[in-house]
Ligand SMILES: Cc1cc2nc3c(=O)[nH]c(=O)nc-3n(C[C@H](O)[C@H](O)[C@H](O)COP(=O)(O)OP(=O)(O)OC[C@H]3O[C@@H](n4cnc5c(N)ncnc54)[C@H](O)[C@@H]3O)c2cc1C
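The chain below stands alone, shown as C-alpha cells; this is the form predicted on its own.
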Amino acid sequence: MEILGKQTLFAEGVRGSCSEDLMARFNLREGKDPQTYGLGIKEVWRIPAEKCRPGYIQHTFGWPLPTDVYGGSFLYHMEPDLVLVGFAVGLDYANPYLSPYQEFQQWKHHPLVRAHLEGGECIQYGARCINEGGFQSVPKLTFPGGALLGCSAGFLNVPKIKGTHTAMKSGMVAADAIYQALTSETPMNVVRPAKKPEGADEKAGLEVVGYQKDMENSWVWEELKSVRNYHPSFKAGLLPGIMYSGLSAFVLRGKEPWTFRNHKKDCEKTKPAAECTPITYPKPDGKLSFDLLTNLARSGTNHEGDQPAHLRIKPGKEHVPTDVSYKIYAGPEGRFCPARVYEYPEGENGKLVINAQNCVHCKCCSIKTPEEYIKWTVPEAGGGGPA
C-alpha cells in the first residue's frame, strides 16, 4: 500500500530510521557537526504513600561515572505513590568496558537516592536515547516534499534535558509554513521540484524552505544557540565543564563569540580495549539494584517470534562484529545495550548473537556499535512494548 501526500512531516523522535535515511539521501547534514547522543535508562518505583512527596525533584551530575564521562540523573516524586528515577550517560564515552545500566544500578545505592526508594518496589523499566549534539548538530530541515520536526531534527535543550516545548513549536511553525505553501495561489519561500511525475499535483514535491527560515527566526533557534557550548565544554572533564557551563549560563548568557565543534561520531570516540581498564561492578542486591534480565521483564517488551527482524547488520559490515567490535573493542554492545540484545556466547571464536526479542528500542546500537554496523528499524506493526 502506498499513501501519498503533498508534504510529509517526520517527527519520529531521536534517531528515527526514516529521518536518518532522508538526511543521508538529501545530504541534510552537510556543514553540520555529527549528532551526538545520550542513553537514558529509567525505572518507576511504587513507594509507601506516606513517603511520597509529589513535586519533589532531584538532579545529580557525575557520580558514579568517571570524571571523563558526561552524564547524570533525575529523581521525581509523583502522585499518588510513585518515584521516577533515571540515569543518562553521554555515548561519547571512551572506555568500551563502561556499562550505562550498571552505572545506573550503582547510583541507586547512594544514600541520597536510596532513602527515596527503600521500602518500595520497582514496577517499570525502560530506556531511550536522547540528542545531545545541540545547535551545531541541527541538520537542514527541509527537502522536496517534506521536513524534519522535533527530535528528528535534534531540537533538544541539552542542559535542561528538555525538548517537548521545542518539538511542539517546530510543529506549529511547520504547519503555518506548509499551509501557506499549499493554499496560496503564489506560495512564497518554496523551491519547486526540477522534475515532477506525470500527472502529479502542481504543488506536489515542493520544498517549503520557509519552515527553515521561520524556525531560524523563532525563539527555538535563540534558545538552542545560547546553550550550544554546554555539552562540548565537558570534553575537558567534569570540573572544567561545570565551570565553563556556569560561566556561559550566568555571565556570558550564551553570547560568547565562539562555538565549540565536534567532528566525530560517538562510535568513533570509543578507544580500543587494550588502552582501557576493565570495570568491575558490584553485584545487584535484588532490592535496590537488579540484574538486567529481571528489569527487562518489567519493560513490557514483546515481539512475535515470526516477525521480520528489525535489527540488521548493514550490508558490507558483516565482518565488523567479530573482527572489529570483539577483537578490538571487547564487544562493547554487550555492555551498553540496556536489554542484553547482543551477546558473544562463544567468546572471541564465536559469532555475534542478536536477541532482537529483548529490544526496548532505545536505538543505542545504531549509534555506539563500531562503525555503526547495526541498522535499527521500526518493528512490525510498531510493536515491541513501551520503551
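Here the structure is a predicted model, which means the values were calculated and not measured. Don't overthink the numbering: it's just position in the shown sequence, from 1.
Omitted here: the form predicted together with the named molecule. The next part is about that form.
- Exactly one listed residue, out of Gln307, Ser184, Thr277, Thr164, brings a non-hydrogen atom to within 4.5 Å of the named molecule in the model of the complex: Thr164.
- With the partner removed from view, the residue among His116, Lys108, Arg228, Arg128 that has a non-hydrogen atom within 4.5 Å of the named molecule in the model of the complex turns out to be Arg128.
- Heavy atoms within 4.5 Å of the named molecule in the model of the complex are found in exactly one of 277-285, 153-161, 220-228, 135-143, that being 153-161.
- A residue is said to contact a partner when one of its heavy atoms sits within 4.5 Å of a partner heavy atom; Tyr76 meets this definition for the named molecule in the model of the complex.
- In the model of the complex, the named molecule stays beyond 4.5 Å of every heavy atom belonging to Leu22.
- For the chain shown alone, Glu371 is not a contact residue for the named molecule in the model of the complex, no non-hydrogen atom being within 4.5 angstroms.
- Within 4.5 Å of some heavy atom of the named molecule in the model of the complex lies at least one heavy atom of Gly40.
- No residue in the set Leu98, Ala330 and Gly334 has a non-hydrogen atom no more than 4.5 Å from the named molecule in the model of the complex.
- Contacts between stretch 92-113 and the named molecule, counted in the model of the complex as any heavy atom lying within 4.5 Å, involve no residue at all.
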